[in-house]
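The data below hold one chain only, encoded as structure tokens and taken in the form predicted on its own.
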């Protein structure tokens, strides 16, 4: 008989795995409530044109795209921002702004599976629509920072930059938008030699080449020093200087909002999505070389999907990577997923109807209770209860029922006592 395995890059979430994921999702929803983000859900399948717009060449090539039975070009969503922007452009276009939207969703990319990277992965998101203020940028950083703190992380840092710094330089050399996006894609992959070759082919000025080389290597945690050095380098582009000044202000505002996490300012920073129009950032923890989340400003996306021009900024914490990092750092509570469970064991199948009554009583009192349903012996049933982590077992036979009683066994201590059926729930709750 053929043995079926998972499709490569896809996973089954067994109880322990799912419990950890749901724990992280619970902390995300705590942040939704604290910061006023209203949760939405969107379809897993969207039109290919929508998902391809401004996605970036790398992601476009890695989408699960296909024709449906109606001949329409569709795809599994590779990320969520495009779908949320579509909702803003259509269903929520008349809502008062700003709008704070949250989501938790699975996404799909045909990536090479490796540590922290799967072909189906889970993202959370915080998206703020309708504000072009730097305070909105700082809020997105603050909420992501708060989430990390709520999850128990302490040794993490925020890598931050602004796409307008590099795009401003390229624009001053009349590099068209398509070529700019290609260059940003190379920068995201840290293919610096390819960037320089690309610019040389476009015959940019020597001053521009020198400046690009310098900013692509200008980064550090002493962000004020990096800002000062960058100001001396970027004198040829007013747009780049303005972006740098805005970035400094965003960091200062985030710190005023309580963000004490170190900032790594990377002047030549880029991310793989083309729709970013301003500040971008990613969050890293020590000893794990992958970002646990990131985001940035994307002011043109809603308009691209037929809505009014709507400035926007958002972030997408990566749930799978957060779970991985929490496992490595032992941040999950020791009691995670632990609940007091009761197994009800009649001494014979003839008493199974009474066992159903007893489990019903327990459940009506908010206690997790299950029946022994395989007909195994008392000893075998107790062994099973021990292996599966039951806190209590309830055993009864005709002798106990004559007195309207059962025997409660405390699985950790192996102690047991006889109690009235009417008092089972109270005994368990107060034990």
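Positions refer to the first chain, counted from 1. None of these values were measured; they are calculated from a predicted model.
What comes next is about the form predicted in complex with a further copy of the same chain, which is not displayed.
**Q** Only one of 331, 336, 360, 347 has a non-hydrogen atom within 4.5 angstroms of a further copy of the same chain in the predicted complex; which is it?
**A** Partner contact (heavy atom, 4.5 Å) among the options: 360.
**Q** So a further copy of the same chain isn't shown here. In the predicted complex, which residue out of 356, 239, 290, 192 has a non-hydrogen atom within 4.5 Å of it?
**A** Only one listed residue qualifies here, and that residue is 356.
**Q** Taking a further copy of the same chain as it sits in the predicted complex, is residue 38 in contact with it (heavy atom to heavy atom, 4.5 Å or less)?
**A** Residue-level check for residue 38: yes, a contact with a further copy of the same chain.
**Q** Using a 4.5 Å heavy atom cut-off, state whether residue 399 contacts a further copy of the same chain in the predicted complex.
**A** No, residue 399 sits far enough from a further copy of the same chain in the predicted complex that none of its heavy atoms falls within 4.5 Å.
**Q** Looking at the partner-bound form in the predicted complex, is residue 417 within 4.5 Å of a further copy of the same chain by any heavy atom?
**A** Contact check for residue 417: no, nothing within 4.5 Å of a further copy of the same chain in the predicted complex.
**Q** Consider residue 87 of the chain shown here, and say whether it contacts a further copy of the same chain in the predicted complex, taking contact as heavy atoms within 4.5 Å.
**A** Yes, residue 87 lies within 4.5 Å of a further copy of the same chain in the predicted complex.
**Q** Counting only heavy atoms and a 4.5 Å cutoff, which of 195-203, 271-279, 97-105, 317-325 contacts a further copy of the same chain in the predicted complex?
**A** The contacting stretch here is 97-105.
**Q** Within 4.5 Å of a further copy of the same chain in the predicted complex, counting any non-hydrogen atom, which residues from 8-24 show up?
**A** 8, 10, 11, 12, 13, 14, 15, 18, 21, 22, in sequence order.
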